[in-house]
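Encoded as structure tokens, the following chain is the form predicted on its own, with no partner shown.
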């Protein structure tokens, strides 16, 4: 495509001056590139990881276990040596490990008693290749939470400010879902939903008859079920329910930077992309009070270079963007760029993530669901919505699905021989499992900073991460389990199992905060436009900008905030205010 430069070019091979520089090519970076390019700006997209080409580099797509070197397994020695953190991610398998970082090569530090799992994918497209694609809007219940209970600072925006941008990104990305009319979970611009199976439908009927505030709905997912002309023109197609999503999807059926936003940006002719380029810091000119560009290190040669631009969008992931800002020091900002408030690095959040309960749903033995549906089901938040729960603040939702046990039940069943094989030809009972996702309060004690004594192989100080679940989170985790068990009993399930251990922070893979939005420059890094209070041509639109976490999956909100910020930045640029 015109204007597109792949690989790791030297400075002489790339135009040195751009209207905008976007750091990171994941969900937020892809949206920033698309929106800025479509508004006529010349954009440089900088990705620290390797080049990945849509379709061509989905090297395990469609393969069976028998086609891999270890039949789908990974040697234990390799896992412990190279993937000690990444291995705990639900999506990490021998089919996907090439999209995860090597932990040995990308270190960070945590206290021994406070583990934090930093799940990362360093390649063009970032974690948009690996995400689970659940997309839920926030409501004013979420945007007003900090102001109402006094935790954190008040969001500088409300639902009405972001609602048109939810419309915008849902229409382009393609979100399948059902219309439910729930004030705490606003409906959106949906493509037709995936169908719930017979047991899920029956469970919902029983939930609604037992509770006035609870229901089971189909998950809202970034999968095309009725592609639009625009989506088809980008080479995207309808979801085929292969359930191989994290391997990469040649159909472009699920939303990723590689299948959607980057091709849209490329077709404008305004995009230049460099990969294997690690941003070490944002350059700042004190005289003009402006960011002037970025410094990078070639990931392979370790040569340094810089790029200049009229504005900078940091979309390098929550912790990645904050690491860059902390490492961007000057006489004016000795503790990190745009950090006059001293809040940069504070209030790290991740969703509480707890397998809550699982059990057997009796009956329906004459029915079987064989579809590898691309989305599960969702129980929207019901705590602290209309009535106050005295045990904890905020709320949680559940994700899960009902299915019939298949021959795989035999992996945990004793037996040998023909009799066992015959038994495994018969499907087992219907089961339902629920996992709770809860809100984590913004807390200044949960923070990150640079370890100046320890540096990575490129000479960049590594991140120190200190984050843990505290009193409110622990109370909520108890309720997540108790409510799941109660609901399963209410709908008539049997053999209910609970008591599963909650995941440590990070494994929700929804890390947020550390460069939050706010109304007051003395207590926040960014304003209502995702614009740094201190540096007007610097924007941060990934998870770092989040002021609270809500309990919904955050990626859709990142998309909307990024598109909104990009549109505003272009107007500011044209007005001359940045």
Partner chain sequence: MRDDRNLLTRRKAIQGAASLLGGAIAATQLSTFMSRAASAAAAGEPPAFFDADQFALIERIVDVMIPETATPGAHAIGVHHFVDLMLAEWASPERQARYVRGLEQLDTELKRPDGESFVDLAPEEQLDVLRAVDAAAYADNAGDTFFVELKKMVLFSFYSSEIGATEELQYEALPGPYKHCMSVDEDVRAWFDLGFTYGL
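For clarity, every value in this text was computed on a predicted model and none was experimentally measured. Positions refer to the first chain, counted from 1.
Although not depicted, the form predicted together with the partner chain is the subject of the following passage.
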Checked 326, 296, 291, 196 for heavy atoms within 4.5 Å of the partner chain in the predicted bound form; positive is 196
Exactly one of 228, 406, 495, 335 has a non-hydrogen atom within 4.5 Å of the partner chain in the predicted bound form; which residue is it? 406
Given the partner chain in the predicted bound form, answer whether the residues 74, 373 and 424 all have a heavy atom inside 4.5 Å of it. yes
State yes or no: in the predicted bound form, is some non-hydrogen atom of residue 114 no more than 4.5 angstroms from a non-hydrogen atom of the partner chain? no
Contact test in the predicted bound form: residue 65 vs the partner chain, heavy atoms, 4.5 Å: yes
Taking the shortest heavy atom distance, is residue 251 within 4.5 Å of the partner chain in the predicted bound form? yes
My question is simply whether residue 181 lines the interface with the partner chain in the predicted bound form - judged by any non-hydrogen atom within 4.5 Å. no
Select, from the options 381-389, 75-83, 449-457, 317-325, the stretch whose residues sit within 4.5 angstroms of the partner chain in the predicted bound form by heavy atom distance. 75-83
Using a 4.5 Å heavy atom cutoff, which residues in 201-239 contact the partner chain in the predicted bound form? It's fine if the answer is none. 201, 238
